[in-house]
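Consider the single chain below, provided in structure tokens and representing the form predicted alone.
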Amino acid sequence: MSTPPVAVRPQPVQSVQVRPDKPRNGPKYAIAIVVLAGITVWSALAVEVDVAALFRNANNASRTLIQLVQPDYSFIPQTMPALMQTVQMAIIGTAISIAVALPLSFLASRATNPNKTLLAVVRFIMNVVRSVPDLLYASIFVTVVGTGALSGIMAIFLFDLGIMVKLISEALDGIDRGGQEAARAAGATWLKANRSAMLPEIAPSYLSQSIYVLELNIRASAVIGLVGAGGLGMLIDKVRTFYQYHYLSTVILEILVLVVLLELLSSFTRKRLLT
């Protein structure tokens, strides 16, 4: 009598996980650190950085710092006119720049301007405008229209214009063009297609960047006054000239409070507008 065959259950095949070797980036990082350190040392030697001067002038620095940490709050009423002028300059410069920047942004974007010649011209002009610092703009306008808020507003306007056009035009280049293509296929002109399809898409970014530029202008309008362009900068230059650092610290504290309040306001506005 033969024995029936016994069924043998196949054993599961255990997979062997092979871990790939980790790339050895240590030498690359070391080379990058050495190159960066070499460039830094070369730059320091080129501009003749004198670290020892910090220790030689430690006494002068200590006297200045002592005055800076002791603001004179009785000076605040005298700063109010200049503070208000700083805020007004920032608001006016922002309002004009964002209004002019919107149509120029559509002309500076490949997605909304089919005329390659006009596109190149607008981009070149905006690159030139953006390459000039706001302090240099203020210096030029002070010599043209004189000292005061007008030269500061004109400097802020041009500096903001270059920034806004770059930011908004790049945002236009990156959004979905499906609505624009559909409008063009339906027979709409480029202007109508951009207005109906692209403008609503870019509106949140436009509002956000406008608020950001206003924040920058508060700081900028306090600096360009150093060359006579109005605002707190002129007051800062006055008290600095007479080494009245206790007054200077009061002005710096006011700018800090103003920037913080504006930051809170801009955060609240962004949440309300972009949600």
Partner chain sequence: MTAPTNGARTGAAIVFDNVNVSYPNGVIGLQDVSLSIAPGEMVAVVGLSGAGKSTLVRTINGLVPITSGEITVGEHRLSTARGKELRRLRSEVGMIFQSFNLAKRTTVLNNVLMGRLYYTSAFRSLLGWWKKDDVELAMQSLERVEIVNKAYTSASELSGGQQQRVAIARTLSQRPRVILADEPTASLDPPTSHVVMRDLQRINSELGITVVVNLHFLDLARRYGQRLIGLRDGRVVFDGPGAKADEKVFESIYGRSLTAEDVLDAPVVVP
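Numbering follows the first chain given and starts at 1. What you see is a predicted model; the values in this text were computed from it and never measured.
There is another form of the same protein, the form predicted in complex with the partner chain; it is not shown, and what comes next is about it.
Visitor: Taking any heavy atom pair closer than or equal to 4.5 Å as contact, tell me whether Pro77 reaches the partner chain in the predicted complex.
Guide: Heavy-atom contact with the partner chain at 4.5 Å: absent for Pro77.
Visitor: If you check in the predicted complex, is Ala186 within 4.5 Å of the partner chain, heavy atoms only?
Guide: Yes, contact at 4.5 Å.
Visitor: Please run the contact check for Lys166 against the partner chain in the predicted complex: heavy atoms, 4.5 angstroms, yes or no?
Guide: Looking in the predicted complex, residue contacts with the partner chain do not include Lys166, since no heavy atom lies within 4.5 Å.
Visitor: I'd like to know if Gly146 sits close to the partner chain in the predicted complex, meaning any non-hydrogen atom pair within 4.5 angstroms.
Guide: Although the partner chain is absent here, Gly146 would stay clear of it in the predicted complex, with no heavy atoms inside 4.5 Å.
Visitor: Looking at Pro81, Pro114, Gly174, Gly178, which has any heavy atom no more than 4.5 Å from the partner chain in the predicted complex?
Guide: Exactly one residue meets the criterion: Gly178.
Visitor: Give me the residue from Val128, Ala120, Ala182, Ala99 that has a heavy atom within 4.5 Å of the partner chain in the predicted complex.
Guide: Checked against the cut-off, the match is Ala182.
Visitor: Have a look at 194 to 202, 105 to 113, 88 to 96, 147 to 155 and name the one stretch with heavy atoms inside 4.5 Å of the partner chain in the predicted complex.
Guide: Of the options given, it is 194 to 202.
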